[in-house]
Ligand SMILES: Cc1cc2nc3c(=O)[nH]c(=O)nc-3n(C[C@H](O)[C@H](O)[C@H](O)COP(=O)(O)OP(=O)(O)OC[C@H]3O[C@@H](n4cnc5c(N)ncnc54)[C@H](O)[C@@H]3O)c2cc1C
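Take a look at this one chain, the form predicted alone, written out in C-alpha coordinates.
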(Lines give C-alpha, C1' and ligand atoms only; values in the text may rest on other atoms or scores of the structure.)
Protein backbone atom coordinates (compact mmCIF):
# COMPACT_ATOMS: atom_id res chain seq x y z
CA UNK A 1 0.00 0.00 0.00
CA UNK A 2 1.40 3.31 -1.09
CA UNK A 3 0.43 6.75 0.17
CA UNK A 4 -0.32 9.71 -2.03
CA UNK A 5 2.62 11.62 -3.27
CA UNK A 6 2.75 15.27 -2.22
CA UNK A 7 2.52 17.94 -4.89
CA UNK A 8 4.23 21.06 -3.49
CA UNK A 9 3.17 23.23 -6.43
CA UNK A 10 -0.50 22.28 -6.03
CA UNK A 11 -0.35 22.93 -2.29
CA UNK A 12 1.22 26.30 -2.84
CA UNK A 13 -1.41 27.19 -5.45
CA UNK A 14 -4.17 26.17 -3.01
CA UNK A 15 -2.77 28.55 -0.40
CA UNK A 16 -2.65 31.48 -2.80
CA UNK A 17 -5.11 34.29 -2.04
CA UNK A 18 -6.77 35.75 -5.15
CA UNK A 19 -7.31 39.46 -5.56
CA UNK A 20 -4.81 40.53 -2.90
CA UNK A 21 -2.75 42.80 -5.12
CA UNK A 22 -0.01 42.35 -7.74
CA UNK A 23 2.21 40.44 -5.36
CA UNK A 24 0.97 36.93 -4.53
CA UNK A 25 0.06 36.24 -0.93
CA UNK A 26 -0.54 32.89 0.73
CA UNK A 27 -2.67 31.62 3.61
CA UNK A 28 -0.53 29.10 5.47
CA UNK A 29 -3.41 28.01 7.73
CA UNK A 30 -5.45 26.64 4.84
CA UNK A 31 -5.24 22.92 4.40
CA UNK A 32 -5.09 21.56 0.91
CA UNK A 33 -6.99 18.34 0.11
CA UNK A 34 -4.80 15.31 -0.02
CA UNK A 35 -1.91 17.07 1.70
CA UNK A 36 -0.38 16.24 5.06
CA UNK A 37 -1.28 17.68 8.43
CA UNK A 38 -1.97 21.43 8.67
CA UNK A 39 0.85 23.73 9.39
CA UNK A 40 1.00 25.20 12.91
CA UNK A 41 0.32 28.88 13.44
CA UNK A 42 2.12 29.82 16.70
CA UNK A 43 0.60 33.30 16.79
CA UNK A 44 -2.94 31.97 16.54
CA UNK A 45 -2.27 29.35 19.21
CA UNK A 46 -0.80 31.97 21.50
CA UNK A 47 -3.84 34.20 20.95
CA UNK A 48 -6.14 31.29 21.78
CA UNK A 49 -4.34 30.80 25.07
CA UNK A 50 -4.77 34.43 26.09
CA UNK A 51 -7.05 35.14 29.06
CA UNK A 52 -9.00 38.31 28.60
CA UNK A 53 -10.57 40.64 31.15
CA UNK A 54 -7.34 42.03 32.58
CA UNK A 55 -5.16 44.99 31.76
CA UNK A 56 -2.03 42.86 31.91
CA UNK A 57 -1.69 40.08 29.31
CA UNK A 58 -2.18 36.65 30.82
CA UNK A 59 -2.08 33.22 29.15
CA UNK A 60 -3.43 29.81 30.06
CA UNK A 61 -0.64 27.42 29.02
CA UNK A 62 -2.81 24.37 29.71
CA UNK A 63 -4.73 25.08 26.48
CA UNK A 64 -1.92 23.90 24.20
CA UNK A 65 -4.06 21.48 22.17
CA UNK A 66 -7.16 23.68 22.12
CA UNK A 67 -8.26 24.56 18.59
CA UNK A 68 -7.84 28.12 17.41
CA UNK A 69 -10.71 30.29 18.51
CA UNK A 70 -11.67 33.26 20.57
CA UNK A 71 -9.73 34.28 23.62
CA UNK A 72 -10.84 32.82 26.91
CA UNK A 73 -12.51 35.28 29.26
CA UNK A 74 -11.58 34.54 32.83
CA UNK A 75 -14.23 34.77 35.49
CA UNK A 76 -13.71 37.78 37.74
CA UNK A 77 -12.04 36.85 40.98
CA UNK A 78 -13.76 37.90 44.15
CA UNK A 79 -11.78 40.09 46.48
CA UNK A 80 -10.55 38.23 49.56
CA UNK A 81 -12.84 38.79 52.50
CA UNK A 82 -11.07 39.61 55.73
CA UNK A 83 -12.08 37.23 58.46
CA UNK A 84 -13.48 38.73 61.64
CA UNK A 85 -11.22 38.31 64.65
CA UNK A 86 -12.08 35.19 66.58
CA UNK A 87 -13.64 35.72 69.99
CA UNK A 88 -13.20 33.04 72.63
CA UNK A 89 -16.42 32.38 74.54
CA UNK A 90 -16.58 30.32 77.72
CA UNK A 91 -20.24 29.46 78.25
CA UNK A 92 -20.16 27.37 81.43
CA UNK A 93 -16.87 27.76 83.28
CA UNK A 94 -16.03 25.30 86.03
CA UNK A 95 -14.91 28.15 88.31
CA UNK A 96 -14.08 31.84 88.28
CA UNK A 97 -10.86 33.72 88.95
CA UNK A 98 -11.65 37.30 89.94
CA UNK A 99 -9.35 40.27 89.30
CA UNK A 100 -9.72 43.69 90.95
CA UNK A 101 -7.56 46.09 88.89
CA UNK A 102 -6.66 49.66 89.71
CA UNK A 103 -7.81 50.88 86.27
CA UNK A 104 -6.87 54.55 86.76
CA UNK A 105 -8.98 56.82 84.57
CA UNK A 106 -11.01 53.91 83.19
CA UNK A 107 -7.97 52.31 81.49
CA UNK A 108 -6.06 49.20 82.41
CA UNK A 109 -2.50 49.90 83.43
CA UNK A 110 0.39 47.66 82.47
CA UNK A 111 0.34 46.15 85.94
CA UNK A 112 -3.41 45.44 85.63
CA UNK A 113 -2.84 43.56 82.37
CA UNK A 114 -0.17 41.47 84.04
CA UNK A 115 -2.56 40.55 86.87
CA UNK A 116 -5.18 39.48 84.32
CA UNK A 117 -2.49 37.41 82.59
CA UNK A 118 -1.75 35.74 85.93
CA UNK A 119 -5.48 35.05 86.37
CA UNK A 120 -5.55 33.38 82.96
CA UNK A 121 -2.75 31.06 84.11
CA UNK A 122 -4.87 30.07 87.12
CA UNK A 123 -8.08 29.69 85.11
CA UNK A 124 -6.62 27.45 82.41
CA UNK A 125 -9.10 26.00 79.92
CA UNK A 126 -11.86 25.12 82.37
CA UNK A 127 -12.11 28.37 84.31
CA UNK A 128 -12.98 31.93 83.40
CA UNK A 129 -11.55 35.30 84.41
CA UNK A 130 -13.97 37.87 85.86
CA UNK A 131 -12.76 41.46 86.19
CA UNK A 132 -14.41 43.73 88.76
CA UNK A 133 -14.20 47.40 87.78
CA UNK A 134 -15.71 50.63 89.07
CA UNK A 135 -17.18 52.67 86.24
CA UNK A 136 -16.34 52.16 82.58
CA UNK A 137 -13.15 50.40 81.55
CA UNK A 138 -11.93 49.66 78.04
CA UNK A 139 -9.87 46.81 76.62
CA UNK A 140 -11.00 44.06 79.01
CA UNK A 141 -11.63 41.47 76.28
CA UNK A 142 -8.24 42.02 74.67
CA UNK A 143 -6.59 41.78 78.08
CA UNK A 144 -8.09 38.30 78.64
CA UNK A 145 -11.34 38.84 80.57
CA UNK A 146 -14.20 36.38 80.06
CA UNK A 147 -16.60 38.20 82.39
CA UNK A 148 -16.91 41.81 83.51
CA UNK A 149 -18.73 43.06 86.59
CA UNK A 150 -19.19 46.81 86.65
CA UNK A 151 -19.84 48.75 89.85
CA UNK A 152 -21.01 52.32 90.01
CA UNK A 153 -18.14 54.58 90.94
CA UNK A 154 -18.54 56.11 94.38
CA UNK A 155 -18.07 59.81 94.94
CA UNK A 156 -14.75 60.74 96.48
CA UNK A 157 -12.30 58.13 97.65
CA UNK A 158 -13.18 56.12 100.72
CA UNK A 159 -10.93 53.02 101.05
CA UNK A 160 -13.18 51.37 103.64
CA UNK A 161 -16.31 51.81 101.51
CA UNK A 162 -14.54 50.47 98.44
CA UNK A 163 -13.34 47.41 100.32
CA UNK A 164 -16.90 46.80 101.55
CA UNK A 165 -18.23 46.90 97.98
CA UNK A 166 -15.60 44.42 96.80
CA UNK A 167 -16.38 42.10 99.71
CA UNK A 168 -20.08 42.12 98.79
CA UNK A 169 -19.26 41.36 95.15
CA UNK A 170 -16.94 38.48 96.05
CA UNK A 171 -19.60 37.00 98.34
CA UNK A 172 -22.11 36.87 95.46
CA UNK A 173 -19.59 35.90 92.78
CA UNK A 174 -18.15 32.84 94.51
CA UNK A 175 -14.75 33.09 92.85
CA UNK A 176 -12.19 30.40 93.59
CA UNK A 177 -9.26 32.87 93.45
CA UNK A 178 -9.07 36.67 93.71
CA UNK A 179 -6.02 38.59 92.47
CA UNK A 180 -5.04 42.20 93.17
CA UNK A 181 -2.12 44.25 91.84
CA UNK A 182 0.62 44.84 94.42
CA UNK A 183 0.44 48.62 94.00
CA UNK A 184 -0.28 51.53 96.32
CA UNK A 185 -4.04 51.30 95.88
CA UNK A 186 -4.33 47.62 94.95
CA UNK A 187 -2.17 46.43 97.84
CA UNK A 188 -4.11 48.52 100.36
CA UNK A 189 -7.44 47.28 99.01
CA UNK A 190 -6.28 43.64 99.09
CA UNK A 191 -5.30 43.89 102.75
CA UNK A 192 -8.57 45.56 103.71
CA UNK A 193 -10.57 42.86 101.89
CA UNK A 194 -8.52 40.10 103.52
CA UNK A 195 -9.24 41.53 106.97
CA UNK A 196 -12.93 41.98 106.17
CA UNK A 197 -13.29 38.39 104.91
CA UNK A 198 -11.02 37.02 107.64
CA UNK A 199 -8.93 35.12 105.09
CA UNK A 200 -5.16 34.87 104.58
CA UNK A 201 -3.52 36.96 101.87
CA UNK A 202 -0.52 35.83 99.79
CA UNK A 203 1.29 39.04 98.84
CA UNK A 204 3.82 40.02 96.17
CA UNK A 205 3.62 36.82 94.10
CA UNK A 206 6.22 36.75 91.34
CA UNK A 207 5.36 33.32 89.89
CA UNK A 208 1.72 32.43 89.27
CA UNK A 209 0.79 28.99 87.98
CA UNK A 210 -1.97 26.46 88.45
CA UNK A 211 0.31 24.39 90.70
CA UNK A 212 1.16 27.24 93.06
CA UNK A 213 2.39 30.77 93.70
CA UNK A 214 5.97 31.78 94.52
CA UNK A 215 7.29 34.93 96.21
CA UNK A 216 10.69 36.03 97.53
CA UNK A 217 11.35 36.31 101.25
CA UNK A 218 14.13 37.22 103.69
CA UNK A 219 15.71 39.79 101.44
CA UNK A 220 15.19 37.59 98.36
CA UNK A 221 17.47 34.94 99.80
CA UNK A 222 14.73 32.31 99.86
CA UNK A 223 11.52 31.59 97.98
CA UNK A 224 8.17 30.80 99.51
CA UNK A 225 5.70 28.71 97.54
CA UNK A 226 2.08 27.90 98.28
CA UNK A 227 -0.84 26.22 96.57
CA UNK A 228 -3.00 28.90 94.90
CA UNK A 229 -4.83 30.64 97.77
CA UNK A 230 -8.09 32.50 97.47
CA UNK A 231 -6.61 35.97 97.94
CA UNK A 232 -3.27 37.06 96.48
CA UNK A 233 -1.48 40.09 95.10
CA UNK A 234 0.79 40.00 92.04
CA UNK A 235 4.09 41.89 91.90
CA UNK A 236 4.71 44.30 89.01
CA UNK A 237 6.63 43.08 85.95
CA UNK A 238 6.56 39.48 87.20
CA UNK A 239 3.92 37.89 84.94
CA UNK A 240 3.47 38.36 81.20
CA UNK A 241 0.36 39.93 79.72
CA UNK A 242 -2.29 37.81 78.05
CA UNK A 243 -1.34 37.43 74.39
CA UNK A 244 -4.10 35.16 73.10
CA UNK A 245 -7.22 35.79 71.04
CA UNK A 246 -9.92 38.26 72.00
CA UNK A 247 -12.11 37.21 74.94
CA UNK A 248 -15.82 37.86 75.35
CA UNK A 249 -15.80 40.04 78.50
CA UNK A 250 -19.50 39.35 79.05
CA UNK A 251 -21.18 41.71 81.49
CA UNK A 252 -22.39 40.15 84.74
CA UNK A 253 -25.17 41.76 86.79
CA UNK A 254 -24.58 42.54 90.43
CA UNK A 255 -27.79 41.84 92.28
CA UNK A 256 -26.57 42.52 95.81
CA UNK A 257 -25.90 45.83 97.50
CA UNK A 258 -22.88 47.08 99.37
CA UNK A 259 -23.39 47.18 103.11
CA UNK A 260 -23.20 50.45 104.98
CA UNK A 261 -19.80 50.99 106.52
CA UNK A 262 -19.33 52.97 109.69
CA UNK A 263 -16.35 55.19 109.08
CA UNK A 264 -14.96 58.31 110.66
CA UNK A 265 -13.88 59.70 107.29
CA UNK A 266 -15.93 62.78 106.49
CA UNK A 267 -14.60 63.27 102.95
CA UNK A 268 -11.79 61.80 100.93
CA UNK A 269 -10.36 63.33 97.75
CA UNK A 270 -7.20 62.71 95.78
CA UNK A 271 -4.70 65.55 95.76
CA UNK A 272 -2.51 65.28 92.67
CA UNK A 273 1.19 65.72 93.25
CA UNK A 274 3.13 68.48 91.57
CA UNK A 275 4.50 66.83 88.40
CA UNK A 276 7.58 69.05 88.55
CA UNK A 277 8.62 67.44 91.83
CA UNK A 278 7.54 63.84 91.16
CA UNK A 279 10.50 61.45 90.74
CA UNK A 280 10.96 60.19 87.21
CA UNK A 281 10.48 56.59 88.30
CA UNK A 282 6.95 57.44 89.52
CA UNK A 283 5.97 59.97 86.84
CA UNK A 284 3.05 59.22 84.51
CA UNK A 285 3.84 61.81 81.82
CA UNK A 286 7.45 62.76 81.04
CA UNK A 287 8.64 65.36 78.53
CA UNK A 288 12.35 65.13 77.76
CA UNK A 289 14.80 67.41 76.00
CA UNK A 290 17.70 66.21 73.90
CA UNK A 291 20.73 67.59 72.15
CA UNK A 292 18.47 68.91 69.37
CA UNK A 293 17.10 71.61 71.69
CA UNK A 294 18.81 74.92 72.39
CA UNK A 295 15.93 76.96 73.84
CA UNK A 296 15.46 75.32 77.25
CA UNK A 297 13.28 78.19 78.51
CA UNK A 298 10.63 77.33 75.93
CA UNK A 299 11.06 73.67 76.82
CA UNK A 300 10.26 74.41 80.47
CA UNK A 301 7.16 76.33 79.37
CA UNK A 302 6.01 73.31 77.37
CA UNK A 303 6.56 71.02 80.37
CA UNK A 304 4.54 73.33 82.62
CA UNK A 305 1.73 73.73 80.06
CA UNK A 306 1.44 69.94 79.63
CA UNK A 307 1.57 69.35 83.42
CA UNK A 308 4.37 66.85 82.85
CA UNK A 309 7.58 65.85 84.61
CA UNK A 310 10.77 67.16 82.95
CA UNK A 311 13.41 64.76 81.69
CA UNK A 312 16.58 64.99 79.64
CA UNK A 313 19.11 62.99 77.71
CA UNK A 314 22.57 62.20 79.01
CA UNK A 315 24.19 64.79 76.73
CA UNK A 316 22.31 67.68 78.35
CA UNK A 317 22.94 66.35 81.86
CA UNK A 318 26.66 65.90 81.21
CA UNK A 319 26.89 69.46 79.88
CA UNK A 320 25.18 70.81 83.00
CA UNK A 321 22.16 72.24 81.15
CA UNK A 322 19.75 69.92 82.99
CA UNK A 323 19.96 68.45 86.52
CA UNK A 324 21.36 64.95 86.88
CA UNK A 325 18.16 63.60 88.45
CA UNK A 326 16.31 64.31 85.18
CA UNK A 327 18.48 61.95 83.13
CA UNK A 328 16.48 59.23 81.38
CA UNK A 329 18.13 55.97 80.37
CA UNK A 330 19.88 52.89 81.60
CA UNK A 331 22.56 55.07 83.25
CA UNK A 332 19.91 57.41 84.69
CA UNK A 333 16.28 56.55 85.51
CA UNK A 334 14.28 53.75 83.89
CA UNK A 335 10.74 54.99 83.32
CA UNK A 336 7.38 53.30 83.74
CA UNK A 337 5.37 56.27 82.48
CA UNK A 338 2.13 56.11 80.56
CA UNK A 339 3.39 58.65 78.00
CA UNK A 340 6.89 59.78 77.06
CA UNK A 341 7.37 62.89 74.88
CA UNK A 342 10.88 63.18 73.41
CA UNK A 343 11.95 66.50 71.90
CA UNK A 344 15.15 66.49 69.86
CA UNK A 345 16.34 63.08 71.11
CA UNK A 346 17.86 60.73 68.53
CA UNK A 347 17.60 57.66 70.75
CA UNK A 348 20.85 56.12 71.97
CA UNK A 349 20.62 52.45 73.05
CA UNK A 350 20.91 53.39 76.75
CA UNK A 351 18.11 55.96 76.36
CA UNK A 352 15.85 53.47 74.61
CA UNK A 353 16.38 51.04 77.48
CA UNK A 354 15.13 53.72 79.84
CA UNK A 355 11.83 54.19 77.95
CA UNK A 356 11.20 50.52 77.15
CA UNK A 357 8.48 50.33 79.82
CA UNK A 358 6.55 53.38 78.59
CA UNK A 359 3.13 52.66 77.15
CA UNK A 360 3.07 55.51 74.62
CA UNK A 361 6.05 57.31 73.06
CA UNK A 362 5.83 60.55 71.06
CA UNK A 363 8.99 61.80 69.34
CA UNK A 364 9.94 64.99 67.49
CA UNK A 365 13.15 64.88 65.47
CA UNK A 366 14.47 66.07 62.13
CA UNK A 367 16.00 62.67 61.31
CA UNK A 368 13.44 60.32 59.80
CA UNK A 369 15.67 57.32 60.51
CA UNK A 370 16.44 58.15 64.14
CA UNK A 371 16.02 55.29 66.58
CA UNK A 372 13.59 57.30 68.71
CA UNK A 373 11.40 57.93 65.65
CA UNK A 374 11.27 54.18 65.03
CA UNK A 375 10.42 53.52 68.69
CA UNK A 376 7.67 56.15 68.82
CA UNK A 377 4.02 55.36 68.30
CA UNK A 378 3.53 58.94 67.06
CA UNK A 379 6.43 60.67 65.31
CA UNK A 380 6.79 64.24 64.03
CA UNK A 381 9.68 64.67 61.60
CA UNK A 382 10.39 68.34 62.17
CA UNK A 383 12.63 70.68 64.11
CA UNK A 384 11.62 70.60 67.77
CA UNK A 385 12.52 74.30 68.08
CA UNK A 386 9.64 75.08 65.69
CA UNK A 387 7.24 72.53 67.21
CA UNK A 388 7.42 73.89 70.78
CA UNK A 389 6.04 77.43 70.06
CA UNK A 390 3.27 75.95 67.91
CA UNK A 391 2.38 73.53 70.69
CA UNK A 392 2.26 76.36 73.24
CA UNK A 393 -0.11 78.35 70.99
CA UNK A 394 -2.44 75.36 70.63
CA UNK A 395 -2.47 74.77 74.37
CA UNK A 396 -3.22 78.44 75.01
CA UNK A 397 -6.10 78.38 72.50
CA UNK A 398 -7.50 75.25 74.10
CA UNK A 399 -7.31 76.77 77.57
CA UNK A 400 -9.04 79.94 76.31
CA UNK A 401 -11.81 77.91 74.71
CA UNK A 402 -12.42 75.96 77.90
CA UNK A 403 -12.52 79.20 79.87
CA UNK A 404 -15.23 80.65 77.61
CA UNK A 405 -17.25 77.42 77.75
CA UNK A 406 -17.23 77.44 81.55
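Take the two forms, superpose them, and find the largest set of C-alpha atoms that agree within 1.5 Å; that set is the rigid core. Every value quoted in this text rests on a predicted model; they were computed, and no experiment measured them. Residue numbers count along the first chain shown, from 1.
This next part talks about the form predicted together with this ligand, which is not shown.
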Look up in the predicted complex whether residue 376 has a non-hydrogen atom within 4.5 angstroms of this ligand, and give yes or no.
no
Residue-level question: is residue 225 within 4.5 Å of this ligand in the predicted complex, judged on heavy atoms?
no
Using 4.5 Å between non-hydrogen atoms, is residue 331 touching this ligand in the predicted complex?
yes
Taking heavy atoms only, is residue 397 within 4.5 angstroms of this ligand in the predicted complex?
no
Every residue in 327, 348 and 385 with a non-hydrogen atom within 4.5 Å of this ligand in the predicted complex?
yes
Which one, 193-201, 123-131, 283-291, 102-110, holds residues whose non-hydrogen atoms are within 4.5 Å of this ligand in the predicted complex?
283-291
Students should find that, of 367, 359, 41, 60, the residue having a non-hydrogen atom no more than 4.5 angstroms from this ligand in the predicted complex is 367
Consider the chain as shown here, without its partner, and state which of 230, 250, 314, 150 has a heavy atom within 4.5 Å of this ligand in the predicted complex.
314
Using a 4.5 Å cut-off on heavy atoms, what residues in 104-134 are near this ligand in the predicted complex?
none
Does residue 238 show a Cα shift reaching 2 Å between the shown form and the other one after rigid-core superposition?
no
Once the core is superposed between the shown form and the other one, does residue 225 show a C-alpha displacement of at least 2 Å?
no
Did residue 295 shift 2 Å or more between the shown form and the other one, C-alpha, core superposed
yes
